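Here we start with a single chain on its own, the form predicted alone, put down as structure tokens.
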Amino acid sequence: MDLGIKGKTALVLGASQGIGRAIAEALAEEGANVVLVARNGEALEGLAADIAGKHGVEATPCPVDLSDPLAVTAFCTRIENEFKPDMLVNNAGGPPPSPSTGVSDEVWHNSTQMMLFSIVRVTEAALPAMKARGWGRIVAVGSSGVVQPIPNLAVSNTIRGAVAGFLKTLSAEVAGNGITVNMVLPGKIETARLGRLDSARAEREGKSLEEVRAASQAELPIKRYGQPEEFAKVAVFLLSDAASYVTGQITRVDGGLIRSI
């Protein structure tokens, strides 16, 4: 299937590792140029060189700290005047594990800035070019906590739910401009963050990491963790011309983790 994105430009947040990196690589494999965004400039430089060499596309590293409001403002100016993306992947890292109460103001403020306010501003900056072309794709990486809160991830559950509400509202506002807006929810995908969460659980429960991983995978209908590349393929479809009639949706890529309909 021709996804119709060859030569288009995708702005990928959180591109230096895990799910964001897998999406960037999958987009480049389809012939899309990519602007790679993350805090780690050195990692982005290496990834950009690798992607450009492997796929023959333009790969531009763009180090940005999404938790810094001033950095986000400067970044949005570049989006509007320089990058003008056809596709936007909103992907922000998750906050530290925590219960619902007793979380410091600093954690709430920093997490909300990085995971919500920055996403709103970046999305606003990307929209004018999409509207001018009459074509655009926005996909946000969420969490299964949006539909089923994850224990000990209260901050993430709260903020990602707010992002889902923003995107659903936006999807109706821009659908007539040829722009689709969707959210993809990962379940237990084999990333560094999942490794940290499993390690924290092992410490809380007094178990070995191997025991926690085995028990966690046994609870999944598919009986294994997902790979970032499996998640990326779904995201890239939603970013493509082939998904032109799909908008305002929340799609799960979770191996059957969420049991509700």
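Numbers for residues come from their place in the sequence shown, where the first is 1. Here the structure is a predicted model, which means the values were calculated and not measured.
The form predicted together with a small molecule is left out here; the points below concern that form.
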Would I189 count as a contact of the small molecule in the predicted complex, using a 4.5 angstroms cut-off between non-hydrogen atoms? yes
Taking heavy atoms and a 4.5 Å cut-off, does G142 contact the small molecule in the predicted complex? yes
Taking the small molecule as it sits in the predicted complex, is V57 near enough to touch it, meaning that at least one heavy atom pair lies within 4.5 angstroms? no
Heavy atom to heavy atom, is A92 within 4.5 Å of the small molecule in the predicted complex? yes
Under a 4.5 angstroms heavy atom criterion, identify the one residue in T9, T247, Q17, S240 near the small molecule in the predicted complex. Q17
Considering the small molecule in the predicted complex, which of A38, V35, I51, V236 comes within 4.5 Å of it through any heavy atom? A38
Counting only non-hydrogen atoms, choose the one of 162-170, 142-150, 122-130, 81-89 that falls within 4.5 Å of the small molecule in the predicted complex. 142-150
